[in-house]
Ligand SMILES: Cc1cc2nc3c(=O)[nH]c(=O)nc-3n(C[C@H](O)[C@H](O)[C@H](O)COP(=O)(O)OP(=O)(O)OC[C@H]3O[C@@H](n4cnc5c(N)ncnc54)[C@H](O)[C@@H]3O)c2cc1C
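Next up is one chain by itself, shown in structure tokens, the form predicted on its own.
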């Protein structure tokens, strides 16, 4: 009888787990079901481009059913309500799914409530952390181009995904210069990081000096170890700094676990994340794995204002491969291998890009980090987006070692 594997989530972690499992286990050995509430895959790293108007959501997304069918993976377009670890059953709004192995790759819930006034529901602030929020922000950016004024970009205390804040501030600066409006838009960057380029991983080589110089030469003011406390019409309140005038406020929120995971007894910690070991197995519950944002990862160090461990798509895919290989190995009667997470990514600066390679993510490191800047890196980032979307939409997976 085939082993039943259920995967929750249709983004990087879910797709990578499904592809890697199917590559190692044929349909006669593993019955794989992927459950997702969104029928489309969205290339999340491109959301800053959506927010700045250079991409549409249709261009960076595709239907999940086709490529999963090509991999002989069953797709269930359903909303997960809860997980019963004792019975090994996932309950959704349409069915119950029994499993032998469960991989939780549900991503995050943006904890926008951590910053009063951070919309979309209760204030004027914006976040780019979901497709709908990115589209809402795009409308606000169009409004700024019509009615220029001061802007604040940054991240809230406890944020872990700070890279997009840098991409947005550089991207908007470039867009305003192209429109000959930059002189009418003062820009301020606020971050909980103890220094620019910390990024939740303690920095990387010369990235601190590079970002400091890039903001300064673009006349972008910045505050580090900054705690955003409130967003209101016309200003952003930052502890120790005071109110900063702003007609457009964009703040990356801290993240939490999705309700179905956070609300399942014994599954997650107080923030809704799942504690895992080096193979991304649940620390207590047999047969359960967590990858990507769903996995609880302690920060690399304590900082004056909290900054959490970063979770990129590249790292999520590494976790998914390790988890999938361990499941396949356990079915064959042994354990899979483990590996330290590395990071390779390109940060878009509007007219150029910064390439960073860090191995491992947590310092101290085996290799001196690579940090290099140039126009070619932005072209490479655009090319990678297209290659990834084409491959994934046709049921293939680009090797994780390429980095992004």
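Since the model is a prediction, treat every value here as computed from it, not as a measurement. Positions refer to the first chain, counted from 1.
Not on display, but discussed next: the form predicted together with the named molecule.
When you look in the model of the complex, the only residue of 52, 35, 349, 373 with a non-hydrogen atom within 4.5 Å of the named molecule is 35. Checking 78, 173, 235, 100 against the named molecule in the model of the complex, a heavy atom within 4.5 Å turns up for just one residue: 78.
Within this chain, residue 117 is remote from the site of the named molecule in the model of the complex, having no heavy atom within 4.5 Å. In the model of the complex, the named molecule stays beyond 4.5 Å of every heavy atom belonging to residue 220. With a 4.5 Å cutoff on heavy atoms, residue 106 counts as touching the named molecule in the model of the complex.
Residue contact with the named molecule in the model of the complex: residue 353 places no heavy atom within 4.5 Å of it. Figure note: of the listed segments 223-231, 178-186, 123-131, 145-153, the one touching the named molecule in the model of the complex, with heavy atoms no more than 4.5 Å away, is 123-131.
Along 1-39, these residues reach a heavy atom to within 4.5 Å of the named molecule in the model of the complex: 9, 10, 11, 12, 13, 14, 35, 36, 37, 38.
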